[in-house]
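What follows is one chain in structure tokens, specifically the form predicted on its own.
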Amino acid sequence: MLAGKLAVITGSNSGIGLGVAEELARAGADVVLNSFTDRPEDHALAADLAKRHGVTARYIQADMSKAADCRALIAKAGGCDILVNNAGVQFVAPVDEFPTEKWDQIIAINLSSAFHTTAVALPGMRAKGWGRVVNIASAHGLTASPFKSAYIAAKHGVVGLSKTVALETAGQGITCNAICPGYVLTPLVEAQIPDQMKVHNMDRDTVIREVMLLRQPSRQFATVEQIGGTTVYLCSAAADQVTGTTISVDGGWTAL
């Protein structure tokens, strides 16, 4: 379905980003993986994707906290047809205790990086008359929780940026949308479960249902495959007129 298209996915050597890359490659897209590290195992991930799906896959190191790296990523990739802005970090603290350096880091990686990559990618998409920008936001791009001021500000910003890009590219064969996941079962989240079991003195199933997924009415994690599948849909012809909106994959969180 996406044969001949090149997808760049930021923050994609694990978790949601890697899951999105997997589904795009399965649909036939060539892919560029990215993170801030430059290890043999990063490049091996790309080689594995290429081998299993019969596509071209590369890994390009770039630090999404740095504007120049964000822009260079797209240039090194040779432009792209599909841009998935996924890179993100988190830190939790009350507003009056939130470290300035953490605020700056989260805004840079979670929000500003999407601006920089999109700004460089759009001219090439316009030249081809086709493009897809998919921003991985969050349920926290539509609602809020205490102690996550930077993350929530950034994700709300991603939703707003998506709408603006959609308006600026309307009628040009380019769409821009935001996916808003709730809790997704990634290796990072999986690693938190044993600690939560100890803190709350609960078994695994109970701590997942009653603590981690308390605000997710389905009481089930979303999966990286579901986020990837949603991305593939947004890149399909069926979504040609889907632009400037959010798609929630949150088990009903934002319906509350």
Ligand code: NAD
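These numbers come from a predicted model, not from an experiment. Each residue number is its position in the shown sequence, starting from 1.
The next section is about a form of this same protein that is not shown, the form predicted together with the named molecule.
Colleague: Quick one: find which of 85-93, 121-129, 161-169, 142-150 has residues within 4.5 Å of the named molecule in the predicted bound form by heavy atom distance.
Modeller: Residues of 85-93 come within 4.5 Å of the partner.
Colleague: If we define contact as a non-hydrogen atom of the residue within 4.5 angstroms of the partner, is V189 a contact of the named molecule in the predicted bound form?
Modeller: Result yes; V189 sits at the interface with the named molecule in the predicted bound form.
Colleague: With a cut-off of 4.5 Å between heavy atoms, is C235 one of the residues that contacts the named molecule in the predicted bound form?
Modeller: Because no heavy atom of C235 falls inside 4.5 Å of the named molecule in the predicted bound form, the answer is no.
Colleague: Please determine whether G244 contacts the named molecule in the predicted bound form, using a 4.5 Å cut-off between heavy atoms.
Modeller: Judged by the heavy-atom cut-off of 4.5 Å, G244 is well away from the named molecule in the predicted bound form.
Colleague: Give a yes/no on whether F115 approaches the named molecule to within 4.5 Å in the predicted bound form, heavy atoms considered.
Modeller: F115 lies outside the contact set for the named molecule.
Colleague: Look at the candidate spot formed by S35, A62 and S138 and say whether the named molecule comes within 4.5 Å of a heavy atom in all three of them in the predicted bound form.
Modeller: Heavy-atom distance to the named molecule in the predicted bound form: all three under 4.5 Å.
Colleague: Are there residues in 175-197 with a heavy atom within 4.5 Å of the named molecule in the predicted bound form, and which are they, in order?
Modeller: Residues within 4.5 Å: P181, G182, Y183, V184, T186, L188, V189.
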